[in-house]
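Presented below, as structure tokens, is a lone chain in the form predicted on its own.
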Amino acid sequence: MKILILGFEYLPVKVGGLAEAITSIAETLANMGNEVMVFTPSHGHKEGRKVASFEVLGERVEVYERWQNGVRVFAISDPVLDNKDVYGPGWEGLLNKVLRFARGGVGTLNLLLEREGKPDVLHFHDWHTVLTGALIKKYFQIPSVFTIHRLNKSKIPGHYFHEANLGELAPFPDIDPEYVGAYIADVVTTVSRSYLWEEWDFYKNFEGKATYVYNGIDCSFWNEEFLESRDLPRHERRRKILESLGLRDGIAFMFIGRFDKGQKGVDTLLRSIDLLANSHPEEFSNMRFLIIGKGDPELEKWARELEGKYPDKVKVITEMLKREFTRELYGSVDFTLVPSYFEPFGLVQMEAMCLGAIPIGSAVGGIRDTIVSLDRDKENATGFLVPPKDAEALANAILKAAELRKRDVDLLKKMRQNGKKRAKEVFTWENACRRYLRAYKNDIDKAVGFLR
């Protein structure tokens, strides 16, 4: 199958998890024998050979092609698209990039069609590629799949659609690009079943073509075989890494993620630590909390204040960590905390399960779909699920996990094994791409409102 993928990020250009996901999808599809092309803005990364140059409204556009792990990647370049600020500079800068990418994408495909024919399917990702996807759909009538990794829920001025020659899709002054993308696509996907239903107020508008395809996890990197301390038992790895961070050995819990007020639940975690310290001082004395991330200044300040209150229990790290050191942490701590308010799919709980750090997460979105909670299925459990935004419930789950660490090591060992197996066998990119191939053929189950 000949597949054209549109992504606003593609490795090595990366801001968050989107680049990892799109790159994994493209490379896995290529490994499965498909011919895969990716169009992406250059963002200043112009690797490969220049294969095209053309004018769009008097502005010179250049296209650079490179082969990357079996995928043909086309970086579209002009003075705006070359800005290294992927999602900027500023809101207007981002919208200009979105517009320029749309025009450049159509020009690039127009030239490729002369030489090698039309792709079988178009797969575009998130709202930044909607103008490009809509233009390609308009001019080339290619069957299309639109994947929403996370709903943005914001509107853009309608004149950007008019400037892109898509005025027929902009009857109002402000337009929701995600709605337009879902409207013009043949199939609409998101990245977990639970997130699809949690956001049903949006997806119900596209009933009949809305479905889900889980993301995957690459356990070839998140793998104990690559740990520097792989020859040591887990408790020794934990002791060493805690001591390297200035803490004595204890039951280790780790949070790693963005400090924001709208999604990751850092405030819930910080409140739960205070609850444990005040209500369960004896149990708390043997707990160690690693809080890793950065973002909202108020949350960073709160975390630092907590570290100051409990310096022998809490360690806050706000600098960026190398992936290899993050892997060492996952391979050493006892539990990973994922207290998100919402999570379309979520990578932290998956990375943790690959490396045996039992996740304690909110029962939302992809977290709920990927973790098998101990209170629901003891035989197949991989972690613990708690209600979101509930510091007391999170504290109680932490207490229960700590008690198990002391009383039932065999059960925790089984949960670690279950987690590794689930990550490596169920949530693989191969399984995800088999489902995407079904979506490309519109041969896939859909969300049906009256069958919930």
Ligand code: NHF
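All residue numbers are counted from 1 along the displayed sequence. Quantities reported herein were computed from a predicted structural model and do not represent experimental measurements.
This next part talks about the form predicted in complex with this ligand, which is not shown.
Proximity to this ligand in the predicted complex, defined as a heavy atom within 4.5 Å, singles out one entry of S77, T189, N215, T108, which is N215. Taking a 4.5 Å heavy atom cutoff to this ligand in the predicted complex, the contact residue among R327, H149, K313, R103 is H149.
Heavy atoms within 4.5 Å of this ligand in the predicted complex belong, among the stretches 290-298, 234-242, 178-186, 339-347, to residues of 339-347. A21 belongs to the set of residues with a heavy atom inside 4.5 Å of this ligand in the predicted complex. Residue contact with this ligand in the predicted complex: Q263 places a heavy atom within 4.5 Å of it.
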